[in-house]
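Below sits a lone chain in structure tokens, taken as the form predicted alone.
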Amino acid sequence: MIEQEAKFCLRHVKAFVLGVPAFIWQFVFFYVPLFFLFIISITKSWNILGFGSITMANYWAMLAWAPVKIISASLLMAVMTTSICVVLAYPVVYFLCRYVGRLRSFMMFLLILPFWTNFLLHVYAWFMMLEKHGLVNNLLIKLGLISQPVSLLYSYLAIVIVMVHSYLPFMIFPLYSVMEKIDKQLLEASADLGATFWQTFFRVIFPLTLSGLMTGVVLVFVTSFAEFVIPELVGGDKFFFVGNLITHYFLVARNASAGAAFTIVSSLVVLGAISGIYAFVRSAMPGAMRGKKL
């Protein structure tokens, strides 16, 4: 008994020791910068020589219509991107888990392959596809859907397309990690009991993949909410989102205090949105988030 307790304590000590570097890394590169960001946000003026007087004016300024409008637009973009990724990811993951077989590893390799190239190359590649004489317009003309090339670049649609293309793997991988563990006998039993495909999906597959779904939602929602490069390059100067305004505050207006305050407020908004989604899922389907059968 004593020997078992000693082994148990030893495992916990090893786990703690192995987790210390990760904790130090997170503390130094996340919590410390976040603390200084908050300090800058409550100062009247700031420079590398020191901090100015404390004020909450930067936060009161965030109640103006312009910051609220930009945060709302970013929330809408994040919701659209996440929703489309969910709709596209489930069929892909289901196909990989059920029908690919021996080629599954090769298919996963193809999904990972784009991460080996620079992110900017992905974005610029869409310029050749979405321009007036690009691949998309030529294809639509050959299919007879349009008679003249349409301007797809520098539009809201172009931003959504590139965002979904860029972040879809972040939804596929977490879903795949949980869906591949589902016992196929559950699906066969559901079919034997007369359930249709959609009944099996919503009553068996969906509840058992909620943990992976929530992980994918967090990854896609947070990154798309604060995305800067895609709206800047594909959207041009027509659209302004959270990432654009933060960049404007720090690099153009040189107003670090306002930029820090807007960053803090935006982070709280996205944290509240994710917490709301998580609480709704837990209350609607208790036990599913813990991987239990409903």
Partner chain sequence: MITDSSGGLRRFLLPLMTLFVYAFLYIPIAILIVFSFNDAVFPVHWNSFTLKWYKQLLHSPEIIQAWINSLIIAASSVSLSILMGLGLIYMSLFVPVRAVVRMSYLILVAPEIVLAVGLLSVLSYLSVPLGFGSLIVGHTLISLGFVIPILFDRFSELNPNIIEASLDLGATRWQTFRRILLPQMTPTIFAAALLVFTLSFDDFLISFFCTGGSVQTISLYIFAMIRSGVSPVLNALSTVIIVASSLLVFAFCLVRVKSRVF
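Under this definition, the rigid core comprises the largest set of C-alpha atoms superposing within 1.5 Å between the forms. In this text, all values refer to a predicted model and were calculated from it rather than measured experimentally. Numbering follows the first chain given and starts at 1.
FYI, the form predicted together with the partner chain isn't displayed, but the following is about it.
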{"query": "Contact at 185, 238 and 277 by the partner chain in the predicted bound form, all three, heavy atom at most 4.5 Å", "finding": "no"}
{"query": "Per-stretch contact check against the partner chain in the predicted bound form, the hit in 220 to 228, 68 to 76, 206 to 214, 144 to 152 (non-hydrogen atom, 4.5 angstroms)", "finding": "220 to 228"}
{"query": "The unique member of 179, 140, 80, 92 whose heavy atoms fall within 4.5 Å of the partner chain in the predicted bound form", "finding": "92"}
{"query": "Candidate from 61, 265, 42, 233 lying within 4.5 Å of the partner chain in the predicted bound form - any heavy atom", "finding": "233"}
{"query": "4.5 Å heavy atom contact, residue 159 and the partner chain in the predicted bound form", "finding": "no"}
{"query": "Residue contact check: residue 272 to the partner chain in the predicted bound form, 4.5 Å heavy atom", "finding": "no"}
{"query": "In the predicted bound form, residue 97 touching the partner chain (heavy atom, 4.5 Å)", "finding": "no"}
{"query": "Touches the partner chain in the predicted bound form: residue 202 (any heavy atom, 4.5 Å)", "finding": "no"}
{"query": "Any residue of 109 to 126 that, in the predicted bound form, places a heavy atom within 4.5 Å of the partner chain", "finding": "109, 110, 111, 112, 113, 114, 115, 116, 117, 118, 120, 121, 122, 124, 125, 126"}
{"query": "Shift of residue 29 between the shown form and the other one at or above 2 Å (CA, core fit)", "finding": "yes"}
{"query": "Core-superposed C-alpha of residue 19 shifting 2 Å or more between the shown form and the other one", "finding": "yes"}
